[in-house]
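Coming up is one lone chain in structure tokens, specifically the form predicted alone.
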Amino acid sequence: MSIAIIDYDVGNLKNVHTALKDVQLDSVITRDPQVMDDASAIILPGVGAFADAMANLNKYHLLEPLKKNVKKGKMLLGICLGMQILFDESSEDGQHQGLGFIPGKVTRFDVPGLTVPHMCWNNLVVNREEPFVSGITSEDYVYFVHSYYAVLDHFDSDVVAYAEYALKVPAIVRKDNVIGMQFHPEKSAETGTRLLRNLKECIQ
């Protein structure tokens, strides 16, 4: 089993690679479509801006390989910015089209008095039970760093877990074989490790 970590110039690749190694998951950092096709699952990490991320996926000819693999049923995990580009669109610095794998849009926090970016540890509230969040309780904290959050068309069915930050911030989302984590599992200590172990179980 090998995981393809997509290299599209948005950072945090090596930390994700190390975190996967810690749970005995082999991974390769790549932008080779054949490696993506051969992988057991694909991860889109991300630190940066929505528009840049989409432009880089296009520049490196990664959009079609991603869509093809998702259509075939391969698991795709988006982390932080990588989760945000799973949605239809974002209003970050203008209107930008996303991958459209999960219905919804990404918008900036707009709550009076709220500190933005949301940069802290928050506990997870499980919205619906499934193997990916096995063993996760409201006592488990993960690390967030973001100024934009996802507004889903179908919150109840597509949000697996959320965090409370003036509103219910989607923390883990899933639609079929596409999963997103708004926080950084690779920076979230034992809870992040547990989630990556669960990921391993889901793709075996």
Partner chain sequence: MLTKRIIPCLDVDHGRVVKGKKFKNIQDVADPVELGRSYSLNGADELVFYDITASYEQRDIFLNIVEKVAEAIRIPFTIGGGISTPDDFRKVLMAGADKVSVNSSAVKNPQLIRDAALRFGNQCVVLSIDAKRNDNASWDVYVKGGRENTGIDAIEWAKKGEALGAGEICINSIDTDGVKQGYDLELNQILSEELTIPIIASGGAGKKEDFASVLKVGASAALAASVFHYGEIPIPDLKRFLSHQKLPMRPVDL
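Residue numbers count along the first chain shown, from 1. This one's a predicted model, so the numbers in the text were calculated from it and none came from an experiment.
Heads up, the form predicted together with its partner chain isn't pictured, but that's what we're talking about next.
Contact between residue 118 and its partner chain in the predicted complex is found at the 4.5 Å heavy atom cutoff.
Proximity of residue 145 to its partner chain in the predicted complex: non-hydrogen atoms within 4.5 Å are present. Under a 4.5 angstroms non-hydrogen atom cutoff, its partner chain in the predicted complex has residue 141 among its neighbouring residues. Put simply, residue 123 is close to its partner chain in the predicted complex: some heavy atom of it is within 4.5 Å. Of the candidate stretches 82-90, 68-76, 109-117, 128-136, only 109-117 contains residues with a heavy atom within 4.5 Å of its partner chain in the predicted complex.
Shown without its partner, the chain has 11, 12, 14, 15, 18, 19, 21, 22 in segment 1-38 as residues with a non-hydrogen atom within 4.5 angstroms of its partner chain in the predicted complex.
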